[in-house]
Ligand SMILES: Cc1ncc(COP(=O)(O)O)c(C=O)c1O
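Here's a solo chain for you in structure tokens, the form predicted alone.
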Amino acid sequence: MVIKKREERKDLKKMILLNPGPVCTSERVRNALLRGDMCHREREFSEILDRVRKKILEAFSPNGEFTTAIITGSGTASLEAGVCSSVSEGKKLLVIDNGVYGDRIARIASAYKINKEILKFDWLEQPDIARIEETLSKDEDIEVVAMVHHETTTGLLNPVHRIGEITRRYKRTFLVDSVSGLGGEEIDLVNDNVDICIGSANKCIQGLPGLSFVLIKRAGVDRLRNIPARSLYFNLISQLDEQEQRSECSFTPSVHTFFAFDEALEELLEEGVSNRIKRYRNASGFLRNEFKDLHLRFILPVDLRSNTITGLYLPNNMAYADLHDELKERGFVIYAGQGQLNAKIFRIANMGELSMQDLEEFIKNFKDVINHVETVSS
């Protein structure tokens, strides 16, 4: 049995992941997992925790106005921590919902029985700014406004800066889910008036799944401290205090994933956040030019598209399952649509450690697959 498993491992081929996380990682990041075992209550882990927190802040808040708490869990874990820790008793959360992940914020609020207002918008459009401002102007009980930065349902970028201007004007807390944005899209936490920002290791930072984090404006920490805890594990203040004051995690962290996250952040800082964003923009530009030449239909206009996800309507006479399976057989993993778009679209992500050669090979194989379908259909 052991021999058989070893033989199977030899047959595994490298997969080029074109899904929006987890992403392809560098050999350097993967090799970090091999550093050995470590107790999370020893000084050695405290040093890694401090170093990772420092690198997150260096990358995304170099001016020192934010602090950060790292949580062992997916991006949704930190999103849940941000939502359940930020709304005072008797106050409301305003959810801006134009996709699956905006809806997820509302579902988290419901799970914690947090009072909420939901503004729903078309999945293929940015939210109506005037409607958001009108809602805030009429309801003083709204304390926190929550929105997704990069709505990966469609690859749509939401107007963080414009919403931040409104929350500043009405003195509300602005919570941004930037799980798919940080490291891949332009965002300035200070100038965009973001108070709480959610990030994850395994998307544009190019780390491994299992760690996420919350960036918190230092000026807003005392307000959070006065909110009664709704959760033991997901309470931001207890997590933050433990990490800032004792250089420890409240609960057992994913130690080996920290090793990989440390390396991924170091790679990000070496490349530079602005250069990472530019690399992703160039990659998506290449892919989109190729898709345009193939006469595929994009689901979003140019000005709404992110740097890292391209949503496309399925080619004629082709089901998603067939497209996915044919490409996977060739070593490429693409992603389906979600919810109401599931039967209509597919998504291509260019996050992660992807070379131009990887993208060129993908396009070559993609053309072969759809040309084969067209030939069979005719």
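Values in this document were obtained by computation on a predicted structure and should not be read as measured data. One-based numbering along the sequence shown.
Not pictured, yet referred to below: the form predicted together with the named molecule.
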| field | Non-hydrogen atom within 4.5 angstroms of the named molecule in the predicted complex for each of 104, 152 and 179 | value | yes
| query | Can you pick the one in 253, 75, 127, 164 that has a heavy atom within 4.5 Å of the named molecule in the predicted complex? | reply | 75
| Pick from 214, 260, 205, 148: which residue has any heavy atom within 4.5 angstroms of the named molecule in the predicted complex? | 148
| query | So which of 187-195, 67-75, 273-281, 131-139 is the stretch with heavy atoms within 4.5 Å of the named molecule in the predicted complex? | reply | 67-75
